[in-house]
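Take a look at this single chain, the form predicted alone, given in structure tokens.
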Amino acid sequence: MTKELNFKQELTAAFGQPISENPTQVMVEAAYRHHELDWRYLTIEVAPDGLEDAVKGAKAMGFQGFNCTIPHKVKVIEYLDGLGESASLMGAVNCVVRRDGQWIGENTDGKGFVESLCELTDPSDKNVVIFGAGGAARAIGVEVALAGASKITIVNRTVKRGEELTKLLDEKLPVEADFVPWDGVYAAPDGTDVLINATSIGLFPDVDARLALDVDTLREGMVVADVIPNPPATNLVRDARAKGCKVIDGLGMLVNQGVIGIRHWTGVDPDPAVMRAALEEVFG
């Protein structure tokens, strides 16, 4: 499963020829079967120099859309006809949908997170702390800001990347954003409503890794989220539950990304419980 989770050159299509099965494929096809949709979701590995041909081929063969991951999230924009609001702000696409014969790029990474967050709390006027400044942090930061968060603090070890993301949020979105260099153990400040790990710390096989976070600053009722899907119960998730926090694990974000993608492509609102059960079976 680890190899499948870590494809670096992957274009996953709504139709096509399979190369291998990955957890997202298992989840989405479980939804297709449950809703009796005559669709397929297949994983196709595409080298960077073949991306343009792959996108043209998907359109020629009648695909309704596709997902794409690194290293294609930025480059694919050159071959699309338009972008959704958040994808335009992020400058990255992970979901493409055919609308009126045109390829439109969306980004469901952050949207999936916000749907999970809204199940626990309204993001409006919330004070949010995000660990990391990579693609996941950027997507989540943009969507949380669009959902009405009042303040976002980016905590990152690399100053340049942290400042770049903070500048994007501060200048292009209606939110107060600041950057805190991650030097040593971070203490969540008083007034933090939502704390999010958007780094790869804790991802299999490094399951014993821990965020440099003072867990005693986690408070009962705070929402704590980890984007790591494997394992779903990371050390952060366990620590947060022990402190009485409301917890979002990485499966919640992954499921909601899938829900949004299926909705984009088919117009059907799939049952997230069916999709989560499929993922839980994959991860044991």
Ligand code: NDP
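If you're wondering where the values come from, they're calculated on a predicted model, not measured in any experiment. All residue numbers refer to positions in the sequence shown, first residue = 1.
Keep in mind that the form predicted together with the ligand is not shown, yet the notes after this line are about it.
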Revision key, fill the gap. Note: exactly one of 121, 200, 88, 150 sits with a heavy atom within 4.5 Å of the ligand in the model of the complex, namely 200
Revision key, fill the gap. Among 172, 99, 161, 75, just one has a heavy atom within 4.5 Å of the ligand in the model of the complex, namely 161
Exercise for review: Decide whether residue 117 counts as a contact residue for the ligand in the model of the complex under a heavy atom distance cut-off of 4.5 Å.
Suggested key: no
Check your understanding: According to a 4.5 angstroms non-hydrogen atom cut-off, is residue 135 in contact with the ligand in the model of the complex?
Key -> yes
Review point. Might residue 231 be said to contact the ligand in the model of the complex, defining contact as any heavy atom within 4.5 Å?
Key: no
Review point. Applying a 4.5 Å heavy atom distance criterion, does residue 28 contact the ligand in the model of the complex?
Key: no
Check your understanding: Can you pick the stretch from 186-194, 77-85, 150-158, 172-180 whose heavy atoms fall within 4.5 Å of the ligand in the model of the complex?
Key -> 150-158
Point to revise | Those residues of 229-256 which, in the model of the complex, come within 4.5 Å of the ligand by heavy atom | key: 229, 250, 253, 254
